[in-house]
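In structure tokens, the next block holds one chain alone, the form predicted alone.
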Amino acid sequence: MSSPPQESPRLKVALVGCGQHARRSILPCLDDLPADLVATCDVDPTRAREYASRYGTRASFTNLAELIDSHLADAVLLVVGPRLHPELACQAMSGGLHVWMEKPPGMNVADVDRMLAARAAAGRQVVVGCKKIFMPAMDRLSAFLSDAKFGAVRTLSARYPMDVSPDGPAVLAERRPSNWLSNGVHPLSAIVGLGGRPRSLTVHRSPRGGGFVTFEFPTGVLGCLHMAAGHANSGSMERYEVVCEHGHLVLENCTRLLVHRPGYPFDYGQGRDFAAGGEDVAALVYEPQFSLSTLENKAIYLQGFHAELQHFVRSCLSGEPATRGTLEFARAVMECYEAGLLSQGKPIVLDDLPANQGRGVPSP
């Protein structure tokens, strides 16, 4: 007699922070993952109960300690502000729970170091929701960069509608929230994902707002972030471009990837055919198909939310350490955040940041 088929393992998760972002972008991802929501937690008991009822679980709590003591969950999804991440993440890990948290991971590099120490002691999985590195279009772009025919990366650039606070050192010292923290981590995570941890960066800020951040990488790659403060919302919000020795790639607004491959027979002054060359050198265009109601068109897939949670859930179920959105990666992003606040027109070497004095810096 054959044995009955065994059900695939599922991760029991609890939501901590029952706000609009969780409802809009995080909880819908669970519909397509081997994970079950078993509890909710929020300082507002009414909201915690409402979310528990809406998403099919009866257990709701008003503090993390009660949730841990219930032994209902294997992992927590922290959808709260960055000030609360270190305390809640460390508490959850010490209570035996795996942790996924929204970006930013904290208010500074020291906050990430605190969580790194807690993870080492608890041996839990931790993933930070740096969604830009999980976008399908970014994955495809990175795959092309690994193709030897493009050669080495020379430069990379990004554009994002944001600014660095003019009183950056005070923002950092006072642990003040800023747009550079809440939104800056998006282009910074994309830049670190594409180029690795920079050696140094310099902020050149316009007195009218906005400006540019330049990056120097140990590999010799140079990078630039256009802080396009004032950019109209009627246009695409962000753009990433990578120029290699042979060809370049452009990712526009998370949804349009242009791949300009090497080999196009351009002949200045002589060429008469703008569509010359064979299919092997023609430019490629990747765009989602918005005419159909398919999963790939939905924001939770396009923007990387589902992929980051999928990586977390799979890591927890398999016991294999997470390799993307790690605390080491998040630390490199936060190093760029701190350096950006301290720069004020001067180059800041990341190894010279106060948080890096007297300690080894983990590789992202």
Ligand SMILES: NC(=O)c1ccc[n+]([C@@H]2O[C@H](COP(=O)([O-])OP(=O)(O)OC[C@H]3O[C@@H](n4cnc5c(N)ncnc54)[C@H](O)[C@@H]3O)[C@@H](O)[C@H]2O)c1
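Position 1 is the first residue in the sequence shown; the rest follow in order. Remember, it's a predicted structure, so these values are computed and weren't measured experimentally.
From this point on, the text means the form predicted in complex with this ligand, which you will not see here.
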- request: Indicate whether residue 80 is a 4.5 Å heavy atom neighbour of this ligand in the model of the complex.
  value: yes
task: Indicate whether this ligand has at least one heavy atom within 4.5 Å of a heavy atom of residue 347 in the model of the complex.
output: no
message: Please tell me whether any heavy atom belonging to residue 111 falls inside 4.5 Å of a heavy atom of this ligand, as the geometry stands in the model of the complex.
response: no
query: Applying a 4.5 Å heavy atom distance criterion, does residue 24 contact this ligand in the model of the complex?
result: yes
message: So, a 4.5 angstroms cut-off on heavy atom distances: do all three of 198, 331 and 358 pass it with respect to this ligand in the model of the complex?
response: no
task: Given that the partner is absent here, state which listed stretch (167-175, 244-252, 288-296, 84-92) has heavy atoms within 4.5 Å of this ligand in the model of the complex.
output: 84-92
- request: Between 13-34 and this ligand in the model of the complex, list the residues on our side with a heavy atom within 4.5 Å.
  value: 16, 17, 18, 19, 20, 21, 22, 24
